[in-house]
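Given next, in structure tokens, is a single chain: the form predicted alone.
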Amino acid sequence: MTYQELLEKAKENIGTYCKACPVCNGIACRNQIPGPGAKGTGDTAARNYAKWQEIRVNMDTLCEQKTPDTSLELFGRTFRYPFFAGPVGAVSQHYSDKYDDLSYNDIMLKACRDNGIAAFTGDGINPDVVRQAAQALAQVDGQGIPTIKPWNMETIREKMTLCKDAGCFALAMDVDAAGLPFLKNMTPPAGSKSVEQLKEIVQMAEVPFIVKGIMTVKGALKAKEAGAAAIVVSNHGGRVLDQCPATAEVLTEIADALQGSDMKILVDGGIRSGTDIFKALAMGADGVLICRPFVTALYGGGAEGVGLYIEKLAGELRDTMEMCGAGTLREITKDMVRVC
């Protein structure tokens, strides 16, 4: 299977919302929910992609020839590459009924594990979304990161317990999901969390806790104060608020503010190639999340499609490292990119 064949097959399987575009840039699906789009006009999703393309890499081949080491250590586990499949929940609602959350997560978690990375799993209004994610997680010995939405404390506790019982090595919360319309209709209401509430959630997790949805230095420092082990610089793929900056525009200032701390920094939003991954690492990230293209890969080729996409990203990352003179991830530095 080629990547082009994968895209063609995905168009047959993925439903009417996602267009399985050759480059997932947030334009064709920009203002629709359900689906991979957004509430509002969807301008933030398009901006996410565009801003990574404005950053260029600095080629330097006057250096020692090295075989790039792309491995990343995170929370005591070593991964082959510094990228992860991002969380998606309620797949049959947002894409098509070819998969439900159990079958989707079963394929995604195993394919990512078998190819040396890990997948984040998603959440949704239906309790079965996390329940099925936990079932799939148990089948891969906890090699995945469940992502819980910012529900009320009782619901968070119940969902975290399911995930911890499945053996997850870390937990995440997409706090930016507070902007999703369906959360506002909960009783009691779900949504934003104070630092004190986040501290309680971090303690509740009992495993390294990742706060996803940080877009400011102030927010990053609040997550640090609450005891989070990592953050994801993210605007929820541009799905929750128009007129946000792109993640590429805020990553460096957030990384600079956290320099010297033990907190890990991940980033998502419009990252679509191994070269984009290189740019993110040069600007201060430890790793990245990519979501929508992984959905396309799975709908287009199942486990084989996911593996194909992982190797595509890995090959592009290795090539960029070689051409810019970086032998390891630690050797990827700010001077290897140029912001136009």
Ligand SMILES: Cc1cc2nc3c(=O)[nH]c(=O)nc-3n(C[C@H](O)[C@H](O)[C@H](O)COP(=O)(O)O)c2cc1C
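Numbers for residues come from their place in the sequence shown, where the first is 1. Quick caveat: nothing in here was measured; it's all calculated off a predicted structure.
Keep in mind that the form predicted in complex with the ligand is missing from the display, and what follows is about it.
None of 192 to 200, 72 to 80, 265 to 273, 102 to 110 except one has non-hydrogen atoms within 4.5 angstroms of the ligand in the predicted complex; the exception is 265 to 273. Think of it this way: in the predicted complex, the ligand has a heavy atom of just one of V130, L137, V88, V211 within 4.5 Å, and the residue is V88.
In the predicted complex, no heavy atom of G300 sits within 4.5 Å of the ligand. Among residues of the shown chain, K159 is not one whose heavy atoms approach the ligand to within 4.5 Å in the predicted complex. The closest heavy atom approach of R47 to the ligand in the predicted complex falls outside 4.5 Å. The closest non-hydrogen atom of T147 lies within 4.5 Å of the ligand in the predicted complex. Residues of 227 to 257 lying near the ligand in the predicted complex, listed in sequence order, are S234, H236, G237, R239, the criterion being any heavy atom within 4.5 Å.
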